[in-house]
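Okay, here we've got a single chain as structure tokens, the form predicted on its own, with questions on binding and movement later.
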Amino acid sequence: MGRYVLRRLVMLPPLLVAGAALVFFMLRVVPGDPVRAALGTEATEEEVEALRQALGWNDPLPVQFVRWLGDLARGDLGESLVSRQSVSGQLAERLPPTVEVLVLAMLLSTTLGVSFGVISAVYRNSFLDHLVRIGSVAALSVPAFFALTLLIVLPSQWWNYVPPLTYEPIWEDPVTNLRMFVPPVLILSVEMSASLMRYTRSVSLDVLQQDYIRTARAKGLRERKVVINHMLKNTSIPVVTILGARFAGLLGGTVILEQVMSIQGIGQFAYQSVKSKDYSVVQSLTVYFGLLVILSHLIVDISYAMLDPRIRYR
């Protein structure tokens, strides 16, 4: 296991460099001048040229890329072209809301998806099974941005309720914090739990047809013990695989949800940076998101050996 993890960690820098290079050079071919956008339309050509010279943007692109990689290796993410503040400092300020949204969404979607998937499989072709399947199809059919809009507008119209728009840490004001995160967490969880439910049901139905399940039932074990001790253990690996794959989708979903809910998180930071052509922030966030996705897949691979003792990595 240790050697496998070490090999995967060795592969991490080349993957990040490749992704960083792709984004770096793609940003340079996007129409528009980010320097002029940052200085405004009233800036003179001398001011624009002076800022470009100060940023080193008059150097050849390969030189700029190598310089940026060197700063990145030292932990220096540079300064925002718009706010002129440290990118690292802004990331540290905006990280807690995004982490909380992701953690709550993962916990809720996993609980709902696995629970309803198992129930649907155990009570196959029953009224409860059809009800759960119809609910999952409905959840997958409604666009997230539309559902979030309804979740904000309808309570304000019917009950005069509007969720707070100012972030409060959960350790300072738990009630306000949870009220703020209920709409985005629900939206992220509904779609993910629906797809996870359908996959869990499919895998569980296959496991329920295996010989060891029939043997367990033939020994007189209660159905609850058969499901918990035998079925769930053998459905955990496919479910964990789906969770790892869907993590990237959750990251993308935070960009829209945080913008709509005015949550000062990483997703809103990414949206505003792309909109204002803030190259330093966009490049840093790309590496940040890429690192999270790669690490999530590494955690999924490691969890295989923990969930199934028969799996060994060399």
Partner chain sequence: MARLVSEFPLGVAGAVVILVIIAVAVLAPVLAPHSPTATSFAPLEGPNARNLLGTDRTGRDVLSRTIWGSRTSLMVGLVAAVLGTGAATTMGLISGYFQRWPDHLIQRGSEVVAMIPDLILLFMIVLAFGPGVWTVIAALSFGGAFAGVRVVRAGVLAEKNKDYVEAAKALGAGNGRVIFRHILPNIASLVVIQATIRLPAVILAEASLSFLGLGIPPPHPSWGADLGGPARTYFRSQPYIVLAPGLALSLTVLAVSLLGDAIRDGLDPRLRSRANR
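What you see is a predicted model, and the numbers here were worked out from it, not measured in a lab. Residue numbers count along the first chain shown, from 1.
The same protein also exists as the form predicted together with the partner chain; that form is not shown, yet it is the one meant from here on.
- When the partner chain is considered in the predicted bound form, only one residue from Leu150, Leu128, Val99, Val82 comes within 4.5 Å through any heavy atom, namely Leu150.
- Between the partner chain and the residues Pro174, Gly220, Pro143, Gly75, the one pair within 4.5 Å by heavy atoms in the predicted bound form involves Pro143.
- Using a 4.5 Å cutoff between non-hydrogen atoms, Val103 does not count as a contact of the partner chain in the predicted bound form.
- The partner chain in the predicted bound form comes within 4.5 Å of no heavy atom belonging to Ala38.
- Contact check for Thr286: a non-hydrogen atom falls within 4.5 Å of the partner chain in the predicted bound form.
- The partner chain in the predicted bound form is not approached by His230, whose heavy atoms all lie more than 4.5 angstroms from it.
- Shown alone, this chain has one stretch from 91-99, 177-185, 220-228, 151-159 that lies within 4.5 Å of the partner chain in the predicted bound form by heavy atoms: 151-159.
- Contact residues in stretch 250-283 (any heavy atom within 4.5 Å of the partner chain, taken in the predicted bound form) are Gly252, Val255, Ile256, Gln259, Val260, Ala270, Tyr271, Val274, Lys275, Val282.
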